[in-house]
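Take a look at this one chain, the form predicted alone, written out in structure tokens.
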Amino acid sequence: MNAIIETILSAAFVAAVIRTTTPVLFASLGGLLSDLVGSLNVALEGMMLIGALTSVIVSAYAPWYVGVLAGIAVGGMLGALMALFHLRFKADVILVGFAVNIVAAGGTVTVLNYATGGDKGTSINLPSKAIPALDLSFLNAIPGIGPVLTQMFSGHSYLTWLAAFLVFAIWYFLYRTPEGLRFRAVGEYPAAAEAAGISPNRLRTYGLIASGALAGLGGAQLAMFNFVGFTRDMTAGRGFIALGAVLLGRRHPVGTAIAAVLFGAFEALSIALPGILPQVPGEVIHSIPFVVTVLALMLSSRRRIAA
């Protein structure tokens, strides 16, 4: 037990939590935007997976930032496709989302096979690039706590700091701008919003596109920094965990970010525990984030029923 506590309180563990949280946070913020506008996006998993593969393939032939932009673009296009089927052709948004997930699971393997010349498991044959890390070693100059701060916050990708900024930016948009008020109004009571001259379908389209773009960005972070390269089904349920973070965070940017950090902490713990508790089966330890997700969804559902 002492070893577990020491691990959790270490600067290295905090750094690991930040690293594991970033992809989930991007997808969570995307899921929040689509949920608030009334179109729950259950395709976050598939969008992350396709964004990850796209960014890896593009970065093999272009600068790293072009690969990131490609991941964002393909996620946004998937969001637009969901909006087309859901809003124009009146398909159920949940079914459309699951269709995207199914296509992503099989389609990424097929594309990977062609891109690597026959490898269906990893992109090891592709010389893909990594997102640069931001060096904050100047924090060492702070007396006393400088080395600890450097270990915790230095060496993270540029996108990590973008994710932190987006939490504030999305909060400001939703609660301090007229367009954000319209955004939330469409999700709360679309009939009243339409009576006020607001087009629910237009804002829902924007919400799904933004949701897809952020999920694609999370996939790019996962495949170009957390792991440099693509492996089959590498998102490993992170899109569904992101959806759980939206619900646990009570559909608020700050609450969603806190929930994403919580899930990131459990993922980091599942990585650290096998070395501390070798007698516990690895499968049990790696199931911790998903068990927490299920419990979070149950808690959120119970809160909604009580309200």
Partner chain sequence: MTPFLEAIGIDKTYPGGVHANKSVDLTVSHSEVHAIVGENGAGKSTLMKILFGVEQPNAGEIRLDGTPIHLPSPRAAIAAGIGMVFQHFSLVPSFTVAENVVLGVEPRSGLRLDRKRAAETVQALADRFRLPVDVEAPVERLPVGQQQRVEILKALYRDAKLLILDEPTAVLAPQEVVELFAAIRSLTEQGRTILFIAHKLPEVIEISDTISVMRAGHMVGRVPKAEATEAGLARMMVGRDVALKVTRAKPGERKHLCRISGLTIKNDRGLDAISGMDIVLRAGEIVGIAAVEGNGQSELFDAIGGLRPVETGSVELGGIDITAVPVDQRRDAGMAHIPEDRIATGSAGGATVAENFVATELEDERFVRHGLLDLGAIRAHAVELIDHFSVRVNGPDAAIGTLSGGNMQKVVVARELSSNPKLLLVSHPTRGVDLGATEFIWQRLAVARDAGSAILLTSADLSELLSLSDRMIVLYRGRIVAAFADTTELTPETLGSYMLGFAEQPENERRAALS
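Positions refer to the first chain, counted from 1. As the structure is a prediction and not an experimental result, all values here were calculated from the model.
The same protein also exists as the form predicted together with its partner chain; that form is not shown, yet it is the one meant from here on.
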With the partner left out of view, is residue 185 within 4.5 angstroms of its partner chain in the predicted complex by any non-hydrogen atom?
yes
is_contact(residue 196, its partner chain) in the predicted complex, heavy atom dist at most 4.5 Å
yes
Using a 4.5 angstroms cut-off on non-hydrogen atoms, would residue 135 count as touching its partner chain in the predicted complex?
no
is_contact(residue 177, its partner chain) in the predicted complex, heavy atom dist at most 4.5 Å
yes
Answer range among 91-99, 219-227, 186-194, 122-130 for contact with its partner chain, defined in the predicted complex as heavy atoms within 4.5 Å
186-194
Please tell me which of 84, 181, 105, 145 lies within 4.5 Å of its partner chain in the predicted complex, judged by heavy atoms.
181
